[in-house]
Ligand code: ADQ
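Here you get one chain, nothing else, as structure tokens; it is the form predicted on its own.
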């Protein structure tokens, strides 16, 4: 069978991002002179990565659910986005001025980072220590010097936000890289409302306590006026940590409530992030995406699809193992069933991630050697990325979409697949350990740590009747459409509205 054009391999890369060239036009989210009540988005990365080549500044859209989801918020609300541009080190003065000018035109301002700071703050502390703990694993380290760099970079972000904020602005800080910023900003600018949203899970108390700086990070988050989590379970775990480490009651009902921070109320809420449903639905009718999907389907055998960052939390080896077991027990699927696994490169300089890549590649080779033939390759593994059209084609081609992380804060891939399937076809196999499972009840939910259960879920997905497939997909699409990214952002930002003024006594 000829490899579909979408997945033709060229040096292992499928990285086709559109470059944004400066045009002198202001993005809708760019600050306007005299505007009040703006929204300042603060995240580790800006929505575009800066490239400076031969004196020319180019912006390449950043990938990832956070950047994609918040980009629409930034474009429709007046404000500013503050984060790292991706440029490492000190640029020549003329290049730095050009970068600042281009970013200002898009309503953004960059936080400068040196190479050694990126290594300590981002790679070793945020991703080497915090990320594993938040997903329930033991931290890698951390070294005291890395923590001090993490603290210093959070101070730098807070300083820049304090400089840019105007009275009446709402500041919305995002994710585990910047847990200290809410408290730091409160000390600098008590006149602005501050929200914080955690896009990962929050772990059980025992895992959180394993981090030497757990108390300091908790205090940093409690500096916010409103603290958001994807699901109620994460908010409840956070409240238990507050009770244990601070010794104060933290009552929540269904993941929502008000905590006390030395007499100041902190609103805690569980608000699941959505996606731009209309954009994904529109791509389902794109002729190019449909043509690519037809090529992916090939000879008509059942097609399983996985789309993930190559990260230990995503459960890719477990997924591959289950597919191999499916072919072992179902001779009727040999020579017919295929799995396309897109693995987007992530943290390639981290040894654990390089080891994961090698393990995945070994599993792929083993399955293909055992079940492949001269004209049939059961697993097609893609280490790279695709553009929006290619992603839509993968979603449209899938008979069974595999979203089976071992632990995941939300997982927007599940929602993207559902929104794209306007034909009401396809089956979603979803990990019960993903935040999305709390909403997407009509998916086939499974514990990916149970090998037998995972293989059985694959079989059940294939055996569903056409009528049940359509009923399940309609229910999933109704849920995803009812709570899209705009409703998510509106709900979160509404919690940052100034409290009503006290009425004078009569």
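Because the structure is a prediction, the values reported are computed rather than measured. Numbering follows the first chain given and starts at 1.
The form predicted together with the ligand is left out here; the points below concern that form.
Here is the short version: of 189, 309, 237, 297, the single residue with a heavy atom within 4.5 Å of the ligand in the predicted complex is 309. The listed set 177, 421, 170, 314 contains one residue whose heavy atoms approach the ligand in the predicted complex to within 4.5 Å, identified as 314. The closest heavy atom approach of residue 384 to the ligand in the predicted complex falls within 4.5 Å. Among residues of the shown chain, residue 61 is not one whose heavy atoms approach the ligand to within 4.5 Å in the predicted complex. Although the partner is absent here, residue 411 is a contact residue: one of its heavy atoms lies within 4.5 angstroms of the ligand in the predicted complex. Contact annotation: residue 208 falls outside 4.5 Å of the ligand in the predicted complex, judged by heavy atom distances. Looking at 96-104, 80-88, 300-308, 321-329, the stretch with residues near the ligand in the predicted complex, meaning non-hydrogen atoms within 4.5 angstroms, turns out to be 300-308. Across the proposed site, 65, 273 and 391 without exception bring a heavy atom within 4.5 Å of the ligand in the predicted complex.
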